[in-house]
Structure formats: structure tokens, C-alpha cells
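Below you will find one chain, with nothing else, as C-alpha cells; this is the form predicted on its own, and questions on how it binds or moves follow later.
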């Protein structure tokens, strides 16, 4: 009992350190949610149309233009102020470049609020984004986006094949596309 009366700060510090160590251990050993395929009530349903003018080059863009061209489409909800969004950009760029050459898939990005078109244009130029970037605030509730980054893989028939939450790496994108290509999907 004498130790508790003489050194309460030391005891409190020890308890705090123990709690901190347990929390760090839990966080360090938990499964990453990066690129996780998430359940969503719209997976398996026709993808809501996304349409607008690309902030990057002023071109008119519609999701259905890609699906009518028999392409898979990765719809990526994005913000320049979102660290995981910025971190996943090189992987999405590599995916977009590879599949633009193959002609089998495309990427379409939608800005998540708050939208700063000038920042987005600057980021796209600096990071060499080669796909359309739209400011379509209707798409966010249509897809049920609650946070970013979130992406949706749309099949060439226009149906949502997968919802992906968190930042994603190129290898994971390729695996999801390969799985979607090999799956039969009734419309």
C-alpha cells in the first residue's frame, strides 16, 4: 500500500502505457481493409448513370458510353484532400493505362465534396491522370457512397459487379477484373 501512496503518477503512467500497448497491438494485427470488397445493396443491379463534362478536358462523358462499348468500368469516387485517394492514384493510373491499351476496361472518376475543380485539375496534371474526372453530385447518393475512396466495378452489361472500399492497389484491381471477366453474369 505504501507504493500506491508514494507514487500514484508512476502507477497511472504504467496503466496508461499498458492500455496504449494493447491498442497498438490490436491495430497492428488487425486485417487491413484496404481494397476490401464490400457488401452493398446495389451490387448485382444496373449501375446508375453517371454523366457530365470532364473537369480535365471538357469532354462530355457518360458511363453508358463505356458499357455500350463492351468495357468494364472502374468508377472511383475521389478527392484530392483524401490521403488514401491520393495514395491509390498510381495504382489506378497503371490499371487505366494497361486496359486502355487492351481496350477491355476504363476508369471514370467522380469528385467527392467539397469539390475544388482547380485543385483537381492541378492534381490530375501533376499525377498524370488520363481518365475523365466528373463533378456529378447526383452519383454519390445514387451509388450510396458514404466515404472515400470507394470504387465500383461495372461489367460491360452495365451491372455493378463489386464495391471496393478503401484505397486499392493495382494487383488487387487486376484480380478483381480477372474474377469479374471469368464470372458469368445474367442480366
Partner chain sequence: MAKRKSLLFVVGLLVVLVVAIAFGSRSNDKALAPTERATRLAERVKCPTCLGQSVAESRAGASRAIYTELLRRVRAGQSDKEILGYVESRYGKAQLLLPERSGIASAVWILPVVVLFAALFGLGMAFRRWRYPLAMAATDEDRALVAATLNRDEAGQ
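Numbering follows the first chain given and starts at 1. Model, not experiment: these values are computed from the prediction.
The next section is about a form of this same protein that is not shown, the form predicted together with its partner chain.
Using a 4.5 Å cutoff between non-hydrogen atoms, residue 122 does not count as a contact of its partner chain in the model of the complex.
When contacts are judged by a 4.5 Å heavy atom cut-off, residue 113 counts as touching its partner chain in the model of the complex. Shown alone here, residue 69 lies farther than 4.5 Å from its partner chain in the model of the complex, counting heavy atoms only. Residue contact check for residue 145: one or more of its heavy atoms lie within 4.5 Å of its partner chain in the model of the complex. Checked against its partner chain in the model of the complex, the candidates 157, 65, 57, 137 yield a single residue with a heavy atom inside 4.5 Å, and that residue is 137. Residues of 50-73 placing a heavy atom within 4.5 Å of its partner chain in the model of the complex: none.
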